[in-house]
Ligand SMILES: Nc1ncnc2c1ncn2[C@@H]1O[C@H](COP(=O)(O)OP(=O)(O)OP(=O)(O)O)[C@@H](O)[C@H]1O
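Take a look at this single chain in structure tokens; it is the form predicted on its own.
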């Protein structure tokens, strides 16, 4: 069966292309046909946030007049355009930018993950690679997404370029997820090791991501608006691919082109809260004292235009359009699904049961208790009520197949040493939930995939499941509960039905968190 559907060998630019080539067209059973559509829609979501389409939506160039238009702003180009970038998707973004801007680009420096050029070459993704003799210098670093000496060298090269600019220049900044680890430049005399140690101590004592970012920014030359300040008085246009729920520009890559709203007193309050102020290295105390006595006060970023060019919401909107083109009533629930995968799996199981009760003529299958539980879980997961209400109303009036879409970044509580990622674990848990609920005469399928093409330390992007999963696994001698208890979802899906339920895309060159698709089709 695995040979029947090796999906998505390479993502194409076209949003909806056949996933099976001419000679490989196969008569698929109903469930497999639904799975093909699910994977097709996942591909369309990813296709909407690939570097090429994103850059061409955000930028337009008048070659004759040398005018660069970004949203409703225009910039005159006259051998004054420079580029810097940092993040997991920035290699492809830089390649697309250089292709679009051509000879107008004078010089560039980007910081990207270690090994990404070789991985893109191996995957045959030439469109994600800079051309020979490119004007953009590439630094690779931050192995395992941890700041290191290679990333520090890249950050210092980016700072040097920014500081060389004048009021006549324009700096194009490309930012994507992973940018924070790829742009480490502590304020001297703080060392990279001291900053990392302090961050780890705070995390170990329970500091949240906002608190960690506040400290990181205070000790950084480039974060918290530092890059924008280094580039002043040049104009700065920052194009941002968001991998953060809600798309807060001050959080993505720690906001290098966004003025920090925090001051030294905020930092000291955090350090006091976790009992670390007395144990601070002398270098950290020196930097905080210097910031406290800065006569200029906090800087602003009035010379910066920050633009979100790609996000989870944008990807889901494209999948919604394509689902409607295939005849589904499609509703986006939320682009901010977060929380433990166990709660989210239970939510999707309840949603399928409640929606299934309305999508079939019999109208049976969910009680008032299940309906109440669904709303309680939605509140717990902070899911906006209007979208859930709209989704259920759409189901009632659909009279045909339904596609409910959501996205975000769930979390997994690790309790075993298995292999997997949050998408595969979520899919497996949803499969179990669907199998234990009465769903009526309706085909149900759930897919969860990471838009970057990598779900945890595996070669899969995610997986898809149907209500029969648990019973079919038992027939194959697979104990789903045992795999889940060891966080070993990838091993399960590799064994289950020859691995056909795994979603394989390879590296996509983008990252806007995860996409979840729930299909209900009356039989």
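Numbering follows the first chain given and starts at 1. The term rigid core refers to the most C-alpha atoms you can superpose between the two forms while keeping them within 1.5 Å. All of these numbers come straight from a predicted model, not from anything done at the bench.
Quick note: we don't show the form predicted together with the ligand, though the next part is all about it.
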Residues in which of 311-319, 413-421, 368-376, 184-192 have heavy atoms within 4.5 Å of the ligand in the model of the complex?
413-421
Which residue, 409, 140, 247, 169, has a heavy atom that falls within 4.5 Å of the ligand in the model of the complex?
409
Contact test in the model of the complex: residue 487 vs the ligand, heavy atoms, 4.5 Å
yes
Heavy atom to heavy atom, is residue 477 within 4.5 Å of the ligand in the model of the complex?
no
Is there any non-hydrogen atom of residue 217 lying within 4.5 Å of the ligand in the model of the complex?
no
Is the gap between residue 511 and the ligand in the model of the complex 4.5 Å or less for some heavy atom pair?
yes
Going by the ligand in the model of the complex, which residues of 444-475 come within 4.5 Å of it through any heavy atom?
452, 454, 455, 456, 457
Does the C-alpha of residue 230 move 2 Å or more between the shown form and the other one once the rigid core is lined up?
no
Would you say residue 336 moves between the shown form and the other one, meaning its CA shifts by 2 Å or more once the core is fitted?
no
Residue 101: CA shift of at least 2 Å between the shown form and the other one after core fit?
no
